[in-house]
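Starting off, we have a lone chain in the form predicted alone, written out as structure tokens.
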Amino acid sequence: MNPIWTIKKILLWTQEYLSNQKVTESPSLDAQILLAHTLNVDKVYLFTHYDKPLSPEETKHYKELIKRRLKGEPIAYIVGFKNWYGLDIKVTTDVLIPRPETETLIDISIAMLQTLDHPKRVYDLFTGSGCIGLAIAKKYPDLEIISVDKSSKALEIARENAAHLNLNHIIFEEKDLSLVESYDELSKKYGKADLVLSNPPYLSMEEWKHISLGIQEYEPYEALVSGELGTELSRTLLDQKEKILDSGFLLMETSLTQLQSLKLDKISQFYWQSVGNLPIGYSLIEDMSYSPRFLCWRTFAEQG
């Protein structure tokens, strides 16, 4: 006779099982997310219905999800979405899972936009799931957002996310941003922007070898690795920035290793809440844990 699993019983069992298997740093949270997904409820429901028994079908489905997690598959891919900056972002293995650290990029972007007089246009380069452009579009419905990626599959997911969130004023453009001519084409078609945002691939091939197996096996290689050095795509963007940026800001997520490889001169360092004080040229902006994470280029319009 099969045991009767209540919500409380199966959560406790899963938490202990995942802890013993050492496949996750958050066994309790993983158990809750997967069970809530199985039952099509929110996590609050789980704690207010501890004694509710699961049906045999629900138990079977839940245990199938646990098996996938035991193989290292990320939670977001199992449930099909990631809650990020208050938005439910659909994700598949064609796009990166949005990271919590990147949420700070949105906070910085909003602060930057507040310093500009009547901003009209934003480029979101290497958009992937579209999360960055979508978050800006949600906050600024009157801005023109151009989200660019070379992956047609990623753009398909980004368009689905935009439709789901009723953010219909985003333009999606398929361009290979490793090519100089792509920046010429964007400038000719849409003009220059007040803000250019980017979370480009910035791992080197060597760094790729040392990241977690869960990332290697499930997340798209081309969305993570720029090339042998890890700076190839970022260097192209920085070299071509003035073709697509008017008076305003370029903000790019990066790593300390990449910054050292780019060898940029005269970089001032700021905490993210100080963006109004950024000088002309390059600045390095720290995230909320005071780690250098964002590279900024600021320019002003020339005075006639």
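Position 1 is the first residue in the sequence shown; the rest follow in order. Being a predicted model, the structure only gives us computed values, none of them experimental.
Another form, the form predicted in complex with a small molecule, is not on view; read the next lines as being about it.
- For the candidate spot formed by P119, A193 and G248, no residue has a non-hydrogen atom within 4.5 angstroms of the small molecule in the predicted complex.
- Of the candidates T102, S182, S109, S204, T102 is the one whose heavy atoms come within 4.5 Å of the small molecule in the predicted complex; the others do not.
- The partner is absent here, but in the predicted complex a heavy atom of A223, alone among A223, A162, I146, A137, sits within 4.5 Å of the small molecule.
- Proximity of T127 to the small molecule in the predicted complex falls within the 4.5 Å heavy atom cutoff.
- At a distance threshold of 4.5 angstroms between non-hydrogen atoms, I132 is in contact with the small molecule in the predicted complex.
- In the predicted complex, the small molecule stays beyond 4.5 Å of every heavy atom belonging to S234.
- Looking at G230, you'd find every heavy atom of it more than 4.5 angstroms from the small molecule in the predicted complex.
- Residues placing heavy atoms within 4.5 Å of the small molecule in the predicted complex fall in a single listed stretch, namely 94-102, out of 138-146, 74-82, 94-102, 170-178.
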